[in-house]
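Take a look at this single chain in structure tokens; it is the form predicted on its own.
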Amino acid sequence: MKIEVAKSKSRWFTASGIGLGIGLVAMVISLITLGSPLRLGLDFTGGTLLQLQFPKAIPDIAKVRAEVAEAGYPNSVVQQIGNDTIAVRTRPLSQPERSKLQNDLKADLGNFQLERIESVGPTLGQELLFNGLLSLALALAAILVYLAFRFQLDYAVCAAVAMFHNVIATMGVFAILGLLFGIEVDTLFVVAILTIVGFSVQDTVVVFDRVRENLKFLSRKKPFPDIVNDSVNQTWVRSVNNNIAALLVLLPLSIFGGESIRYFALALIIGFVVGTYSSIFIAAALLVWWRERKPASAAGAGAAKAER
């Protein structure tokens, strides 16, 4: 199957624009309603999480919220997980406060098993958020510098745009999941985003490397868009096969893994699929669009530099 990238680039840009637009709208709504573009988990906000598993049917969620508020924690987040579990997230609690809250809830809601308990201080949560964003910024900057050195500036810019495309697309999906299903992001989500960035660059470099190789032999015979198109068609099968191999590992994790591993795997699945799409349809199409804006450099300097 032959893929047409250069001539159909407007179609791919439009498809990506619509998808990213939906994600950005979700992030804006999340920012207005939750105070952040994504629903932040305990790792970033700080607080105490109590996960209560009930032996039979769980009580009404509104009643649980009322009981938690009556116990002295009116701003807590109460969320149903599955058919028999409720998560209660409060401000950071001391051991006596946790024990008292559990006893109060058992007295009002019936017996339950404390399935999980976590506590993170607000200062540590802010540090984790800052360090996560700093790691992401440094990784993006380092990759941009590497690509500018390895190829040319226009290659690096197109690859960077494709990376941001993948990151925003993944964040957009999790913003929607956070609004609709209360799914939170934690430090593993930052790890997933960094992995997606690395995967995206690897896939894009494969395509750009083939473009550069083909330019050495075909720059006098074919226009630049045709060379890019040929390069994409010579590499897309490899990219898709790599993605399928990764998905075969990640899909079982997303289905059978625990809660934190499940969403980590889900973020990787979304990022890998979008990354494969962007390396084939977005990064290459952007390169063609960039060179078409500067036809002289595409014919002369561009081809010459690409042969380095």
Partner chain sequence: MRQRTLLLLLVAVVIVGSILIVATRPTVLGLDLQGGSQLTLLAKPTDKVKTINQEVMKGVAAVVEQRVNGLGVSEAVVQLKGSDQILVQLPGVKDPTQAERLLGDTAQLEFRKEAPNGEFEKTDLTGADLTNAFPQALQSGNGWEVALEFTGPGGEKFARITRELAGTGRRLGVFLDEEAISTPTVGVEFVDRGITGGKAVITGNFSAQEASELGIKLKAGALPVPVEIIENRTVSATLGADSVRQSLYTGIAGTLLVFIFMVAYYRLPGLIADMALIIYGLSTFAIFKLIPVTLTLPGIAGFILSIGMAVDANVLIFERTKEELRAGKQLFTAVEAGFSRAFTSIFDSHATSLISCAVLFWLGTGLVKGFALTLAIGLIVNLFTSVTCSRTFLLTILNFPALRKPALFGVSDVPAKAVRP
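Whichever C-alpha set is largest while still superposing within 1.5 Å between the two forms counts as the rigid core. Numbering follows the first chain given and starts at 1. Given the structure is predicted, the values throughout are model-derived calculations rather than measurements.
Although not depicted, the form predicted in complex with the partner chain is the subject of the following passage.
- Interface residue among 194, 129, 148, 176 relative to the partner chain in the predicted complex, by the heavy atom within 4.5 Å criterion: 194.
- Between the partner chain and the residues 213, 104, 97, 226, the one pair within 4.5 Å by heavy atoms in the predicted complex involves 213.
- Residues 22, 170 and 292 are none of them found to lie within 4.5 Å of the partner chain in the predicted complex, as judged by heavy atom distances.
- Contact check for residue 28: every heavy atom lies farther than 4.5 Å from the partner chain in the predicted complex.
- Heavy atoms of residue 253 reach within 4.5 Å of the partner chain in the predicted complex, making it an interface residue.
- With a 4.5 Å cutoff on heavy atoms, residue 264 counts as touching the partner chain in the predicted complex.
- The partner chain in the predicted complex is approached by residue 257, whose closest heavy atom lies within 4.5 angstroms of it.
- In summary, the region of this chain contacting the partner chain in the predicted complex, judged by heavy atoms within 4.5 Å and restricted to 176 to 184, 104 to 112, 196 to 204, 72 to 80, corresponds to 196 to 204.
- If you take 130 to 148 and check each residue for a heavy atom within 4.5 Å of the partner chain in the predicted complex, you get 131, 134, 135, 138, 139, 142, 143, 146, in sequence order.
- Residue displacement note: residue 82 has its CA displaced by at least 2 Å between this form and the one not shown (rigid core superposed).
- Relative to the superposed rigid core, the position of the CA of residue 50 differs between this form and the one not shown by 2 Å or more.
- After superposition on the rigid core, the Cα atom of residue 101 is displaced by 2 Å or more between this form and the one not shown.
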